[in-house]
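Presented as structure tokens, the chain that follows is alone, the form predicted on its own.
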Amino acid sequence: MHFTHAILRRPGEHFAEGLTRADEGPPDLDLALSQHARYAEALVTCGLQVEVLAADAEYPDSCFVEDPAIVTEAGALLTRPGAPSRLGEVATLRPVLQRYFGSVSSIAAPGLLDGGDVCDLGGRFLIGLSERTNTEGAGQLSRWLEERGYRSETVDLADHPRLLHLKTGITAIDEGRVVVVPGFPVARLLDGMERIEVEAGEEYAANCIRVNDRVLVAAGYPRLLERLEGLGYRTLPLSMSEFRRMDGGLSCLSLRLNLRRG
């Protein structure tokens, strides 16, 4: 859970034209930019060097940099997003990741893979099969991870339509401890792990992120905040209202890297 750097991209002028299933009205761009800046500041507070890429007006969803790429301590992989309107985001990230990692691998057609469907449980990865990630994409990622010494298992989200991505419903916040939504699919994959189940009405808060000695949590969900603090975590609540309107969460807004690996 240790990170040294993060890559972000500012929301662009057409942010409100991005994909969303939420029924909460269009986002306020000025407020989104303010929330994004606070998010970047929070990562700096956690000890990270933060690179904020310029907004890309061509791709309204491009501030959600987690989906076009997977980063691990062993390397980086460019995905192939399941939404056709997001495919072009991949090429814009390639030179950025090459600066950090050198050689960068890619998911190939007909594979589809969104980074939001990939959850690192500490060297063991869960890969969600969703509207945005297919079995071919998951298989390619699994083989890439295996070549680098990691294990992986798939989670079929077909019967859980409320979960846009796997990480809509699960976050690893410590070795052996996860935050999950009620009824998380294939609970057997979490055997041996302590589960903090969010309460009804606070499902959005399940997408929190552990960044070094802090846990970033969406503001406005006091019961999860209280439970985390009761377990001794130092929390950092952040307003996420405008990103929630666009189906985005805390993990979506950054690629978090450990460049002091090994």
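No experiment lies behind these values; they were computed from the predicted model shown. All residue numbers refer to positions in the sequence shown, first residue = 1.
The form predicted in complex with a small molecule is left out here; the points below concern that form.
The small molecule is not shown here, but in the model of the complex it comes within 4.5 Å of a heavy atom of L164. Proximity of P11 to the small molecule in the model of the complex: non-hydrogen atoms within 4.5 Å are absent; the residue sits far from the partner. Contact between E242 and the small molecule in the model of the complex is not found at the 4.5 Å heavy atom cutoff. In the model of the complex, the small molecule stays beyond 4.5 Å of every heavy atom belonging to G128. Here the chain stands by itself, but in the model of the complex one stretch of 214 to 222, 233 to 241, 58 to 66, 45 to 53, 58 to 66, has heavy atoms within 4.5 Å of the small molecule. Site residues R86, R132 and D247 are all in contact with the small molecule in the model of the complex, judged by any heavy atom within 4.5 Å.
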